[in-house]
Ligand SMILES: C[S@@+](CC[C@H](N)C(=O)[O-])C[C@H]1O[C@@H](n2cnc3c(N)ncnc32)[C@H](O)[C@@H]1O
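Consider the single chain below, provided in structure tokens and representing the form predicted on its own.
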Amino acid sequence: MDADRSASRTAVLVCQGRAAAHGRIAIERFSDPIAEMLLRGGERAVVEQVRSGIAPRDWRQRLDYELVAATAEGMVPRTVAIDDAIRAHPTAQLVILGAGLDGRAWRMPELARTTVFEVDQPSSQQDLRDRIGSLAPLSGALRFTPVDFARDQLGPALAAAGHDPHQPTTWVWEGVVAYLTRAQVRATVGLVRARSAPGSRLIVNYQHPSLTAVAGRLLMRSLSRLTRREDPLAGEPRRSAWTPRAMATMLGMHGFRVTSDEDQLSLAGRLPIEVRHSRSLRAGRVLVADL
């Protein structure tokens, strides 16, 4: 997979998963025509193979194939749940934290009156801008907001981009929490709360503690070494997992009230999906909290 080394490789994998699922999994509820447009040649090739349903015989290619196929299965319930939570609570501002190759500003007509703030590290954000090119967003406005969390403060960066803390905001925090320490998660929630007016909503995707997830990572590392390929997840290790009670308690300390919190397996159960990776789906959760 030819992702830019300085940008997030996980973001590319997630985008490949959405592209592989588009028009193929839960088509009545899930749609992401933008995902494939964001991929480059080598990244798109494995997606087309997954969509064909014909697994390659070469084990090196098979590793990429299975990883993208599993990601596609996980992305559908996660994406549908988050999109539904956005639609159900329209606000004038949507902030996507750790946006990666998120395409909501380009694929959701419901954001026509919403200003979308794409927040990510500078290299990953530039990667998105290079890939999206001149494609016009469907959102009312789009503000790219580069933030290096090792050096920059989220509040001033959003303020400079035009975010209004006195107006309700919907915050999407998808596919990021697991890669942060608990201290970083708490600090980020504090920063989010400081810029959240009453009526704001926080949508969080996080990981429940899971030995299966740990074993899966170790297996991926071993297979990568065996096939002499670089582990696509090696540069972004998982650093924290949360129980629903711990997450709700932490959010409650900042004034957020959890209105829903479900694992992705339960979310998938309400969709026309043939589940093959139930254990990994059970570990992923989508939480909605209001202020």
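Quantities reported herein were computed from a predicted structural model and do not represent experimental measurements. Numbers follow the displayed sequence, beginning with 1.
There is also a form predicted in complex with the ligand; it is not shown, and the following applies to it.
Student: Please pick, from Ala11, Ala283, Leu267, Ile273, the one residue with any non-hydrogen atom lying within 4.5 angstroms of the ligand in the predicted complex.
Tutor: Filtering the options by heavy-atom distance leaves Ala11.
Student: Within 4.5 Å of the ligand in the predicted complex, heavy atoms considered, which of Leu158, Val176, Ala72, Val192?
Tutor: It is Val176 that has a heavy atom within 4.5 Å of the partner.
Student: When you measure heavy atoms, are Phe30, Asp83 and Arg143 every one within 4.5 angstroms of the ligand in the predicted complex?
Tutor: Checking in the predicted complex: none of Phe30, Asp83 and Arg143 is within 4.5 Å of the ligand.
Student: Name the stretch: of 121 to 129, 108 to 116, 84 to 92, 158 to 166, exactly one has residues whose heavy atoms fall within 4.5 Å of the ligand in the predicted complex.
Tutor: Comparing against the ligand in the predicted complex, the contact stretch is 121 to 129.
Student: Check Val204 for me: does it contact the ligand in the predicted complex (non-hydrogen atoms, 4.5 angstroms)?
Tutor: No - in the predicted complex, heavy atoms of Val204 and the ligand never come within 4.5 Å of each other.
Student: Consider Ala99 of the chain shown here, and say whether it contacts the ligand in the predicted complex, taking contact as heavy atoms within 4.5 Å.
Tutor: Within the cut-off, so yes.
Student: Indicate whether the ligand has at least one heavy atom within 4.5 Å of a heavy atom of Leu154 in the predicted complex.
Tutor: No, Leu154 is distant from the partner.
Student: Would Leu180 show up as a contact with the ligand in the predicted complex if we use heavy atoms at 4.5 Å?
Tutor: Yes, contact at 4.5 Å.
Student: Even though the chain is shown alone, can you say which residues of 128 to 149 have a heavy atom within 4.5 Å of the ligand in the predicted complex?
Tutor: Val147, Asp148, Phe149, in sequence order.
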